[in-house]
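As a starting point, one isolated chain is supplied in structure tokens, in the form predicted on its own.
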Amino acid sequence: MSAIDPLPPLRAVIASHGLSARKSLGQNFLLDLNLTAKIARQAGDLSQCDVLEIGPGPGGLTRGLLAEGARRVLAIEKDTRCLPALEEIAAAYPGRLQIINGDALQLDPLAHLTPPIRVAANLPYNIGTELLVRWLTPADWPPFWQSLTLMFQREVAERIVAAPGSKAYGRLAILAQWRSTARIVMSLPPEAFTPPPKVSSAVVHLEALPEPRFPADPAVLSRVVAAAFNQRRKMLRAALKGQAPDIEDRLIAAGIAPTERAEQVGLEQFCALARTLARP
């Protein structure tokens, strides 16, 4: 018996269903149910929320979310081998777990969720960043989610929370910090997983802001930030010369020295630059 529910320990579940993590699916299973419950607690009060989980695998975090009181969990799993183990969890928590077999990049989960919604996931490493960018750049804001509690490789987590002037600072930090409050809430060593990945992992918690921190057109800001960091070694007057013929004047109008490089420029200044570039 595990510490959080009457279901078998995860090692026994994996053995009984013949599961092994597949590198092609970006899988690394987290087997310590006390750890998965701790991650679930980082997502906040789940009792009044539906929770979206991507890539539950054998269901360690799923069990943590349900044991911590999630009103309902929608688990999207691509690997059909994991479905019987997840069905056993659904039977132990009647009416609180819905499982969809499919690709999270191709599915729209909103038809199956009732607000308020939180997202909590040990994301498959090969799609984690793409999903995060999608959740941070919807057509309308506020987004469908109240918060994201997500496991990443430590390097990716540090890019999300990075400050100007650091090597990790870039497009991901701008996207995350413009519309949310992001912080690293847990660190996990490779040996916490089966099989152990080659890198450490970290859990990032992002709370959606009701409005972006500073006004800017999302498309213009995204375009400018991408251009700036694609050539991060260049001065901005060179990196952004394709954005406007008078880019130096626009940089100065935004309070940015044309000789600065992207990693030296803060979020507020990038938003100011996006506003100047949105004007004819």
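Sequential numbering from 1, following the sequence displayed. Everything numeric in this text was worked out from a predicted model, so none of it was measured.
Omitted from view is the form predicted in complex with S-adenosylmethionine (SAM), to which the following refers.
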One stretch from 120-128, 181-189, 133-141, 160-168 that, in the model of the complex, holds residues within 4.5 Å of S-adenosylmethionine (SAM) by heavy atom: 120-128
Contact check for Gln27, Ile54 and Asp79 against S-adenosylmethionine (SAM) in the model of the complex, heavy atom at 4.5 Å: yes
Is it the case that Gly102, even though its partner is missing from this view, gets within 4.5 Å of S-adenosylmethionine (SAM) in the model of the complex, heavy atoms only? yes
